[in-house]
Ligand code: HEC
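Next up: a single chain in structure tokens, the form predicted on its own.
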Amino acid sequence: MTKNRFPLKRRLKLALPLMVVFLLLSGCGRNMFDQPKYTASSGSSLFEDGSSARPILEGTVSREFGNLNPAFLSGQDETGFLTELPLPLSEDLLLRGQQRYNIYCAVCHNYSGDGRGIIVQKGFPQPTSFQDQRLRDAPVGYFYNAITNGFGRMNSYAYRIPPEDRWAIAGYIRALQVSQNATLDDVPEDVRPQLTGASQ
């Protein structure tokens, strides 16, 4: 008669953890997944407006942005589009705006903002040049809003470009407009000799 290599006590010791794992796994179900809930943009008969998405309560503070003025995230206040950047204008901000513009915007709007980017050259409809008088007169919040919500054939970039970078791009667009229409009078007096000397 051969001796059992695994006595009962040892077999129970091995089986007990397996039974515990089996019992734990058998308790897992789809109840959490299948529970009643609202998904994004679903309707609701509970509220008068029929929407399950509720407006943010007054005084709510964003975990991501802190207690920001809503105009920072929308580009407009009660008087309309913002006419000034809500961030301090600096060389770093404009360089960041240029970098982000070159990545996301130049394919359509071109590096100069004339609306003749590479995909336009391939047949995509041409967007309006930033040098168009209507856009030169547009407030800076208009550009931020267009990046956030999209405009015409342009999709929203809100999920790809954070708000700070959208403002940086809007500031850079304004700088592009100035650069394409600048005259010698727009140049600081101490820099003018360098420009006039170079042009002779």
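Sequential numbering from 1, following the sequence displayed. Keep in mind it's a predicted model, so treat the numbers as computed, not measured.
Omitted from view is the form predicted in complex with ligand HEC, to which the following refers.
Using a 4.5 angstroms limit between non-hydrogen atoms, Arg134 touches ligand HEC in the predicted bound form. Taking the partner from elsewhere, Ile147 is found to have a heavy atom lying within 4.5 Å of ligand HEC in the predicted bound form.
Though the partner is left out of this view, Leu82 does not reach within 4.5 Å of ligand HEC in the predicted bound form, counting heavy atoms only. Though the partner is left out of this view, Ile161 does reach within 4.5 Å of ligand HEC in the predicted bound form, counting heavy atoms only. Interface residue among Leu73, Leu87, Cys108, Leu94 relative to ligand HEC in the predicted bound form, by the heavy atom within 4.5 Å criterion: Cys108. Residues of 147-167 that come within 4.5 Å of ligand HEC in the predicted bound form, judged by any heavy atom, are Ile147, Phe151, Gly152, Arg153, Met154, Tyr157, Ile161 in sequence order.
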